[in-house]
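Quick heads-up: it's one chain on its own, the form predicted on its own, in structure tokens.
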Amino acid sequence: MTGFGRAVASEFVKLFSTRMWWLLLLILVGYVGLAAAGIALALTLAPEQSGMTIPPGALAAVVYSVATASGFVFPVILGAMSVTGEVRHRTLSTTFLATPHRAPVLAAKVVVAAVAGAGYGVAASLATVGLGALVLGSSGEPTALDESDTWAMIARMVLAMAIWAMLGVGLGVLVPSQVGSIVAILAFTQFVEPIVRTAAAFVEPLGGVAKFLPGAAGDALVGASFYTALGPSAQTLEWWQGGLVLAGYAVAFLVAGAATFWRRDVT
């Protein structure tokens, strides 16, 4: 096995040797599943009071996309903690002793985070599609599960979650403090960006800026989100553009972190 292969295997061992990965997974599945069911129920029972403008035939996509629109923060945290956890517990120096060249270590963390993020994407998709389709079907609304576009969207949801996890690794390298990185993730994803994107749905000039935010790029990659249904002025990128922008954020964080913290002496 090559040095990189050993580094990847080591990262998988580290990931599955803690409880954090499955605790985050359980919370993710419960959160997005119940959210999808609740949104589906609200949009089918009282669509005129929801404040959303759902295009014909797009209801199922909006419900299913809750997996990424609301759940992306979990793979980001998982990716960040793959770095900050080692910093906090001071095991990073041991990791560097086992693999003296630091680039393969960082690359291994990115690979493992991408695989774990994709797994989170599959689990989250099963939760939102399962419960969301159940509510939609019970309400007499089409589930769109017989359409190829729906399954293509689900595949992009899995891809988006993988990229979000890689972005988390980059953020963890850039902000190696575990508390600092988690606070930054929650503050931006749960407060700053939602406020800007909600305002952009009603203030058209903001839309040109908001569509390039990480969450907006992730939603564009997926192709659906409840944010895009907030108002007619909500602007989005093409799905491939959203993927490139989101991946660009991940690369930028990784490069910045590799050029700063990752090169420092570790004690």
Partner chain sequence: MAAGETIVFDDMSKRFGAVHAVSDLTFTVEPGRVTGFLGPNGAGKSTSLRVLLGLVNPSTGTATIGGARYATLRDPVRRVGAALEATFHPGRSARAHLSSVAVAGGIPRARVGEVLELVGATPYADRRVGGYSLGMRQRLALATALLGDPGVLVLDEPINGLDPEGIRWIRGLLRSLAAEGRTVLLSSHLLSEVQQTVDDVVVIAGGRLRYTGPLAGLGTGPVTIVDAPDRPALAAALQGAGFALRVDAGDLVVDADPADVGRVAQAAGVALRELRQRSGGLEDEFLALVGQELPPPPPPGSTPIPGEAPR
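Keep in mind the model is a prediction, meaning the values are calculated, not measured. Residue numbers count along the first chain shown, from 1.
From this point on, the text means the form predicted together with its partner chain, which you will not see here.
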Is it the case that 143, 148 and 150 all touch its partner chain in the predicted complex, with a non-hydrogen atom of each within 4.5 angstroms? no
Here the chain appears without its partner; judged in the predicted complex, the stretch of 131-139, 84-92, 152-160, 168-176 with heavy atoms within 4.5 Å of its partner chain is 84-92
Is there a heavy atom of residue 100 lying 4.5 Å or less from a heavy atom of its partner chain in the predicted complex? yes
Is residue 188 a contact residue for its partner chain in the predicted complex, using a 4.5 Å heavy atom cut-off? no
Classify residue 247 as contacting or not contacting its partner chain in the predicted complex by the rule of any non-hydrogen atom within 4.5 angstroms, answering yes or no. no
With heavy atoms only and a cut-off of 4.5 Å, decide whether residue 23 touches its partner chain in the predicted complex. no
Who in 12-28 is close to its partner chain in the predicted complex, meaning a heavy atom within 4.5 Å? 13, 14, 17, 18, 19
